[in-house]
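In the block that follows, a single chain appears as structure tokens, in the form predicted on its own.
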């Protein structure tokens, strides 16, 4: 009997219309746990590195994690994996909601699509009954609208539906996959879904998941719930409001946006409105948010309420979470938050990434102001600031006129446009738009996370270590006093010694070696979450979370029956991390790609940055170009990877 997983994947050949239920190898679970780890193994085994993201041979994988669908609080993430059309590297994006647990209850750990459908279709999974259905009547429908139509069509109000909008159908590189209370937005996986001819996946499951040692597992889950209650009653003081509690950044709960509005760039990159957040603005924005926020919502089996149902007068309701309420407003240089809530509704129906798309539109208008794009490129565009953003969003999603070029993102658009447009690509790492921070002094920890992260989403890189030093020793001592989540006591000392100014401040502190330690810990927790299917908001992202390195091995052992301890879990993380890295270096990624935007920080230190990357690569067991060494791979049971890289000349003999 398989525990905590079904032991079966659903394989869909869209070109032939073939559906198979395939039993999986339990040894792969022991080595990679599930989720991102086993997704990466499938991608490595099945897809040659020269494969185009839109090739029929490139799979699109929807996966639950090892704990997904169990009673573990927050174990609800769907891990979606393909080659990204924007970065050309391995793309993996997570969404919460209810989809992954429902998929598991239907009897499947993963849904793996290959090939392309000649017609637009949707997949209907009802336990053992699986059908590929015609979706011609859904063409052009919104992503949220499509979910409602399918549930009514199937007469299945409890079904959970993941769908794309018009952006996915038209292969817009920032297309998202929308599902009820969450979305997989980064890296263009909605475009891959559209290219394969999949409008939606609907799933209903009523089976059980077996747990190896249920009494022990239930006890652990109850301990997590009790700790969540404690943390909610005792927020971490002396940090920004949205980070004081648990869950994803509490953007829909809190209305204090002083830090974001004054430290993120407005427009595409150049404007930092340092004195924007006045008392008048604070009251006005608070009023707007509370007026449209109808109720806070949670994902499957989670007590946190990180998202919200938004109802703007005259528009259909939609779900919003995290930073999206600000991205369009700041991108358009608009002072009214209500614009952000209005345009986000249309963007959710279109199915586009709320982090990248506003930057792409601002980039387009910046090129127009610079004379690189002309009035002819914007023929018919309204003159008012809000109207022109609606206009350009429509053009991008429909791939019409200049929108067809911008739909590929700022990196590829700049190459097509030429005329110096590449100088206006300000916020990219690995060809993908990061959130456009504009800060002062280089932060060595954040430099490493931005440079080396392969998920292209900073909230899925940063984590349990504070973002900035506490102002006083009393605050630092209070913070570390009950900080039991640290994997090693040295991290407490790092915080105690970290000061706002002086020799123990950025950029010289944390030191190079300390920064590597911190980044490795934060990265480790995210990779474990993504293998287990647990929300980062209860583990890798917030300060002092309920899940950590000391209790995760017990969750894994009691749920799956796999004998796991902290050393073994660290080895699984390193195996998964190196496999993802190997996939990307086999696709051509090198050290030169790991460079945060030039003006991300006002004060940069090239020699220090080189030392940071050198130390990080050495710590990981990689060479000077960021390629895992043969010895590193062999130690992690990745000898097959080392052999392949050696045959390709990527790992040099000796």
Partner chain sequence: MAKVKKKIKSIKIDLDKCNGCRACEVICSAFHASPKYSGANPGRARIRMIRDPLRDVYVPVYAGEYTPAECMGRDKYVIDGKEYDECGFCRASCPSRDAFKDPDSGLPLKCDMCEDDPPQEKPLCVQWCLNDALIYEEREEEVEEEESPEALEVGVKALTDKFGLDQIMDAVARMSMSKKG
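All values derive from a computational prediction rather than experimental measurement. Positions refer to the first chain, counted from 1.
Only in words, not in the display: the form predicted in complex with the partner chain, which the text now covers.
- Note on the interface: of 430 to 438, 110 to 118, 317 to 325, 566 to 574, the segment with non-hydrogen atoms within 4.5 angstroms of the partner chain in the predicted complex is 317 to 325.
- Although the partner is absent here, residue 105 lies within 4.5 Å of the partner chain in the predicted complex, judged by heavy atoms.
- Under a 4.5 angstroms non-hydrogen atom cutoff, the partner chain in the predicted complex has residue 73 among its neighbouring residues.
- Contact check for residue 474: every heavy atom lies farther than 4.5 Å from the partner chain in the predicted complex.
- Taking the partner from elsewhere, residue 421 is found to have every heavy atom lying beyond 4.5 Å of the partner chain in the predicted complex.
- The putative spot formed by 158, 206 and 303 is fully lined by the partner chain in the predicted complex; each residue has a non-hydrogen atom within 4.5 angstroms of it.
- Between the partner chain and the residues 154, 562, 281, 297, the one pair within 4.5 Å by heavy atoms in the predicted complex involves 297.
- When the partner chain is considered in the predicted complex, only one residue from 415, 133, 229, 274 comes within 4.5 Å through any heavy atom, namely 229.
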